[in-house]
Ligand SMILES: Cc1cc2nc3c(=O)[nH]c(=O)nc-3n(C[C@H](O)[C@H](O)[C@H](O)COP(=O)(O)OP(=O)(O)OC[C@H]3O[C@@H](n4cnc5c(N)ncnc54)[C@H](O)[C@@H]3O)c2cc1C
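This document starts with one chain, in the form predicted alone, laid out as structure tokens.
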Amino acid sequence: MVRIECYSAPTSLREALQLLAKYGDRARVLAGGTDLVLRLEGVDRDLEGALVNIKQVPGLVGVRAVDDVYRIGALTTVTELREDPVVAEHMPVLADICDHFASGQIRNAATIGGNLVNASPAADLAVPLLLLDARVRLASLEGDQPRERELSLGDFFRGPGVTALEAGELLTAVVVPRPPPGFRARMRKAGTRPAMDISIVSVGVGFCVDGGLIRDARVALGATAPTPLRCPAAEKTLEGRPPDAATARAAAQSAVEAARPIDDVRASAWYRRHLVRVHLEREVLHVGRG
């Protein structure tokens, strides 16, 4: 039986942060609830602190361009991302994966902030956001006023279910820099089904082609290590080379060597490495063809 000391639905960011500051590690934040509700029936069953429902906090929904970045509110749902014209035009790799995210009912409730804070190694939104050099904005109270700090998404993930959020902090937004001109990216999610399934492996590749050579190379992997991650070795292998079969094979080998998959009920470590190799080779060639 879940025993919650305090349930609150604050209507301002300051009020939400005051509750998080008061309860610290004993607070749980409710956004879409698609993961948290299950946790309250399982590992968090004995929660005795506060449940803070942030759905009524203003300013946490939507995508907008601000100077040279795109700001995505933490409460923006997967459906809203999938249908947003700014995401479709400037971050199509993010829009594409939203089309393969669980079911329509889950997409209508699940939020970008919740997907990242849950910190699953197989989080669907993590790989495209890593390709896009995304950062997270984390808010807390300084005195009685909200303050924010920014952290790269790669540094935000610390382990399975573990993030860099400190007690009293709330993820308020994801910030994506405008991709460089000509940047193209693709992601492949491998699983039993395209959606309604946790990724066995996810692989993302992005780069520009300038004068027939790759530049601004980015490679990201999911479900291959304790956290979703960028793969600098594979990126270095791609940089300055033509997007041909030999380059794709070399980058795939670098990614396989960097991956740290495990054996579990969904796949063996050997099979995950095989999928990394196969899908990374294919995606490099796809992106290279434009």
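Position 1 is the first residue in the sequence shown; the rest follow in order. Note that the structure is a prediction, hence the values are computed from the model and not measured.
Note that the form predicted together with this ligand isn't included here; everything after this is about it.
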Note to self: Just checking whether residue 253 would be counted as a contact of this ligand in the predicted bound form - the rule being heavy atoms within 4.5 angstroms.
What the structure shows: no
Next item on the list: Check whether residue 31 has any heavy atom within 4.5 Å of a heavy atom of this ligand in the predicted bound form, and answer yes or no.
Entry: yes
Note to self: Even though the partner isn't displayed, in the predicted bound form is residue 66 close enough to this ligand, meaning a heavy atom within 4.5 Å?
What the structure shows: no
Check: Does the 4.5 Å heavy atom contact test between residue 135 and this ligand in the predicted bound form come out positive?
Finding: no
Item checked: Contact stretch among 203-211, 88-96, 106-114, 127-135 - heavy atom within 4.5 Å of this ligand in the predicted bound form -> 106-114
Checklist line | One residue of 190, 122, 176, 185 in contact with this ligand, assessed in the predicted bound form (non-hydrogen atom, 4.5 angstroms) | finding: 122
Next item on the list: Would you check whether this ligand, in the predicted bound form, lies within 4.5 angstroms of a non-hydrogen atom from each of 36, 54 and 170?
Entry: yes
